[in-house]
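In structure tokens, one chain follows: the form predicted alone.
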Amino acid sequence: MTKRYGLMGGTFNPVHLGHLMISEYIREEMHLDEIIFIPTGNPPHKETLDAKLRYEMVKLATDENPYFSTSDIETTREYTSYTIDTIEALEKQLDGKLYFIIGSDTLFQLKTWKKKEKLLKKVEFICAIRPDYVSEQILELELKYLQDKYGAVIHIVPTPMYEVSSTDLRGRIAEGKSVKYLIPKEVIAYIEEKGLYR
């Protein structure tokens, strides 16, 4: 039987319980065998915390779930990371079918990604949609556009609400506020030990 991998990319700056909850939810809904978290190395559009620190935080956050793993495929690169490069590298490493997990905001940005034609034909996408994020009509128009123009296969998975963002968490940490119950305790300890986001 072909193994089914979910690929969860992101800056994870820092990783939080929303990332983990949505990943676990999608794993079950889509019958995936494993979720591989892939912290971005040197994202072309964002200034962010050092990639090795973010990788360590994600590894701490995912270690206790036997269905989760963390890849350093992007954090060890010395050049700008693009999703198509990661997908092609993982195809050589993994024996199975790959599904790339995105959020609803990213769905509307896919047409701006590098080598989108190749990427959208090569891998199926799983889009986590919050019930209140976008109207069904707008969503269907975007899906039809991506399918007609690029042959994209995109699975929509409505997910529970979890109102937390890495931006807000960095702000709370900088202000000395608690992030308990928002970030895994192992990651909180790591952030405190390294003095991150102060």
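Residue positions are given as counts along the sequence shown, with the first one as 1. Not measured: the values here are computed from a predicted model.
One more form of this protein should be noted, the form predicted together with a small molecule, which is absent from this view; the next part is about it.
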State the residue from 102, 73, 84, 98 whose non-hydrogen atoms include one within 4.5 Å of the small molecule in the model of the complex.
102
Please pick, from 139, 53, 32, 164, the one residue with any non-hydrogen atom lying within 4.5 angstroms of the small molecule in the model of the complex.
164
Examine residue 59 and determine whether its closest non-hydrogen atom to the small molecule in the model of the complex is within 4.5 angstroms.
no
Considering non-hydrogen atoms and a 4.5 Å limit, does the small molecule approach residue 27 in the model of the complex?
no
Residue-level question: is residue 149 within 4.5 Å of the small molecule in the model of the complex, judged on heavy atoms?
no
Should residue 106 be counted as a contact of the small molecule in the model of the complex, where contact means heavy atoms within 4.5 Å?
yes
